[in-house]
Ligand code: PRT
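Shown next as structure tokens: one chain only, the form predicted alone.
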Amino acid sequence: MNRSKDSSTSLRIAIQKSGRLTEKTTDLLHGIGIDFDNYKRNLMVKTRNFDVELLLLRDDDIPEYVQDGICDLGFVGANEVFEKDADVTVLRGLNYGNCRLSIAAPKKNSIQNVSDFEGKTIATSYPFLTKKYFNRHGIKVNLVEISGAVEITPQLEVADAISDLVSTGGTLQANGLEELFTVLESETKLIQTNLELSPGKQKLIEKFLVRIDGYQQAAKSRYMMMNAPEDKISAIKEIIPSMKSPTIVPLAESDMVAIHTVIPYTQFWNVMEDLKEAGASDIVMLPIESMII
């Protein structure tokens, strides 16, 4: 594959072409100001305003492409990274695509402990992680590798249990299975090749990470504004779970100020009533697109 620009500085990033991570990954890229389109019709997409080209792959191919240096970075589930035992560096957890690799068996089964799986047959698309899990417990199991529809194998008497990805558990319930043990908690990871990169690429990756960190911080934060009597500032500052000291702006109305701050969005409803009791009024909370700390 030929790069459209100098390969010593241009980054190639692998993302999932289609699947549960695709939309949120492209939303993140757009959210950090990387402009591209037509990703659904092409295998490779050149971005317009950042020296990056996107390579769209099957998710289970991404760790190997990054490991081998075909791509410099990749967005992929931790389940795929660890299943492939890829020689890559995990740069960031990205807080989306959360799921878990779990052991499940038919309801009303006799399995109570991990040791009860001794000699049992387990169907899975993740043989490496599943075998590693049972080896850690000193349990010998028979693995049947299945590429899809793992959940129906107990009904077909192909396996006694399964090891599969679980998000909500709805698929397991629909197939008469219950979740027993968790093998791995997974989320989307940003991974980097361990092969040597040029100084130009390293610098571009640093810029890329600053943007991602700002985007993630903004997603967890909200901009809050309120009015308050001047003599209530100290009490209100004690209540606000702000990142730094709030901005205080005098209002046209005598002895009144506007207080502006950034807070973790999960804290807003916890402090709102306390702020009102302390004298704050006209409290407004706004989303933040991005922020640099």
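Every value quoted in this text rests on a predicted model; they were computed, and no experiment measured them. The first residue of the sequence shown is number 1, and the count goes up from there.
Absent from the display: the form predicted in complex with phosphoribosyl ATP. The rest refers to it.
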**Prompt:** Which residue among Thr168, Asn113, Thr182, Asn142 has a heavy atom within 4.5 angstroms of phosphoribosyl ATP in the model of the complex?
**Reply:** Thr168
**Message:** Within 4.5 Å, heavy atoms only, which of Asn98, Ser221, Ser198, Asn109 is in contact with phosphoribosyl ATP in the model of the complex?
**Reply:** Asn98
**Prompt:** Could you tell me if Asn79 has a non-hydrogen atom within 4.5 Å of phosphoribosyl ATP in the model of the complex?
**Reply:** yes
**Asked** Taking 4.5 angstroms as the cut-off for heavy atoms, does Asp60 touch phosphoribosyl ATP in the model of the complex?
**Response** yes
**Message:** Taking any heavy atom pair closer than or equal to 4.5 Å as contact, tell me whether Arg20 reaches phosphoribosyl ATP in the model of the complex.
**Reply:** yes
**Request:** Could you confirm whether Asp160 comes within 4.5 Å of phosphoribosyl ATP in the model of the complex, counting heavy atoms only?
**Result:** no
**Prompt:** Do heavy atoms from each of Gln16, Glu151 and Asp164 fall within 4.5 Å of phosphoribosyl ATP in the model of the complex?
**Reply:** yes
**Fill in**
Only one of 209 to 217, 131 to 139, 86 to 94, 169 to 177 sits within 4.5 Å of phosphoribosyl ATP in the model of the complex by heavy atom distance, namely 169 to 177
**Residues in 108 to 129 close to phosphoribosyl ATP in the model of the complex, defined by a heavy atom within 4.5 Å, in order** = Tyr126
